[in-house]
Each structure stands twice: as C-alpha cells, then as structure tokens.
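Okay, here we've got a single chain as structure tokens, the form predicted on its own, with questions on binding and movement later.
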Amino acid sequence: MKDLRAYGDHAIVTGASSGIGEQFARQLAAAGVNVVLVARRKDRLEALAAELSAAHGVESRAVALDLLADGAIDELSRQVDGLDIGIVVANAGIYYAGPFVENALSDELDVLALDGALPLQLAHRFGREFVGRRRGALVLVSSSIAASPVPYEANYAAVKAYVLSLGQALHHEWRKDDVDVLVVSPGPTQTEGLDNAVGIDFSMLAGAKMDPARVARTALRNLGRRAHVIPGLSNTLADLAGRYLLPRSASVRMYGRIIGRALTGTAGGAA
C-alpha cells in the first residue's frame, strides 16, 4: 500500500461515526494520518477521536456537522482551515427503499443531495487545492448496484451511478497533476444502516454481508493504482455480469425480483 502520509498530514472522512466511514478513519489513523471525523453524532465522533489519538498518536478532530444543512461545506472548510488536507473520503450517505412514489420527495431529494451533490462539492472544493499543489487523493463511495437501474432503489442506484461516473472521469483528469481518485463500490456491508434499514429486510438477500473493515482496506490498498474497485469476488462477478453478459432489460428485471422480495411493506429507509 502507498504511504498515505505522502498525500498530506490530514484526511477528512465523512460519515465517520460508524460503518465504512469509521473503518476508513481507523485505518488512516493506523497508517499515521491525522484524521478529521465528520458526521452528525458528536458523542460518537469524540469517543472515536480520543480512541484513535491514544492508539496511534495522531491528531483526531471531531467535526459534528449535518452535511445536509445549508452552508455545510463552507463550515467544514472553516473547521479545517490551515490544515494540510491530503485525503478526502466522501462516504456519508443515505438511501430509501420501496416503491418510488410511496417515498417522500423530500427524502429522495436528500439522497440526491447527500449521496450525489455532496461528493461533487467535496471534489470541487478540495480538488482545486490538490490539483493546484499537485498532491492529494479523493475517495468516493459508490455501490455495486451502480452498474444497473434498480427498481425499488431507483433514485439511490441512479445517484451512485453518477458518483461512479464522476470519479472515473476525475481520475483521468487529475492524474496528469499527480492527484489520485478512486471510486469504491461495495456490495451489502454489515453496518448499522443495513441492520436498521426501514422498508427492506437485507437478511432476505442471498450472500454474506461484507465486513466494513474489508471495504476500507480494499479501497486504501488500491488508491493510486486504479480508478475503481469493487471489494469481494462475488460483487465483482455480479458487476461484470450486469455490464457485459446480461442485457440491461434483463438486469433491471433481475434486480426488481431480488429487491422486491426483500421489501417489508414500509417504504423508506436510511443509513
């Protein structure tokens, strides 16, 4: 794995209070990178920050912030002003499962904002610095379902497809400036969001759920080497089948059957 400290002294991780984001923070701190932990739950962030500083001797900052609030990126910029930010991990996200018209429009717009517009804002805000100084790295979290339209997760899958496209394009644009961009597309991962999901029962979906530590580890090991990585062989094979073997119409029908069987009848869920 590349020496992550070469990108800069500090890394920003959004959605750091649990799940994949927490694991990114843990592994970055273990690699000697100071971390800025961003999420809404202040108590969790402060506990994690204290733990990481004690365990690894790094500076850990907790930034309790609602990233859906107006001016959130401006506030984050103010909080990290003067720090040598070398890595940004855009991990924060939510989703809603169920028939599209049964979900509140406001909820679906929040998915668009947090899962799509926020990574765009982070890329633009910190990418300018990275490109200007010819040093830095951006990690975007997409999903293994980004390769196909997915009924009952229609908006979420579409937004994740946008994130994948954005990241792959920026990887090409910025590599001449020595800035690394990686998109990681995990499949179902054992997180609080998955356990507490409303509208869908993930236990009804076949296959083991991935350890979030493995997702973060796979991403960081491939940073600077690839534009896109899908953790897990089964997820990779499913992606290849969806892109190259199945007609798009067949892929949509397949996802419709799979996700449809796991719906609980209560529309809406978040992670």
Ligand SMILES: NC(=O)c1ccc[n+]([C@@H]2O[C@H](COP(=O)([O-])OP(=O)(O)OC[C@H]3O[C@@H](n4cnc5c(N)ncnc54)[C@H](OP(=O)(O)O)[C@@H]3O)[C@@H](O)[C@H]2O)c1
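Sequential numbering from 1, following the sequence displayed. This one's a predicted model, so the numbers in the text were calculated from it and none came from an experiment.
Separately, the form predicted together with the named molecule exists; it is not shown, and the next lines address it.
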Exercise. Quick one: of A39, A216, I230, V36, which gets a non-hydrogen atom within 4.5 angstroms of the named molecule in the model of the complex?
Worked result: A39
Exercise. Which of these residues, G127, G193, G86, G98, gets a heavy atom within 4.5 Å of the named molecule in the model of the complex?
Worked result: G193
Exercise. Would A25 sit within 4.5 Å of the named molecule in the model of the complex, counting heavy atoms only?
Worked result: no
Exercise. Do L68 and the named molecule come within 4.5 Å of each other in the model of the complex, heavy atoms counted?
Worked result: yes
For this session: Indicate whether the named molecule has at least one heavy atom within 4.5 Å of a heavy atom of G136 in the model of the complex.
Result: no
Exercise. Is there a heavy atom of E153 lying 4.5 Å or less from a heavy atom of the named molecule in the model of the complex?
Worked result: no
Exercise. For the chain seen here without its partner, which of 168 to 176, 128 to 136, 78 to 86, 184 to 192 has a heavy atom within 4.5 Å of the named molecule in the model of the complex?
Worked result: 184 to 192
For this session: Could you list which residues of 139 to 170 come within 4.5 Å of the named molecule in the model of the complex, counting heavy atoms only?
Result: V141, S142, S143, Y156, K160
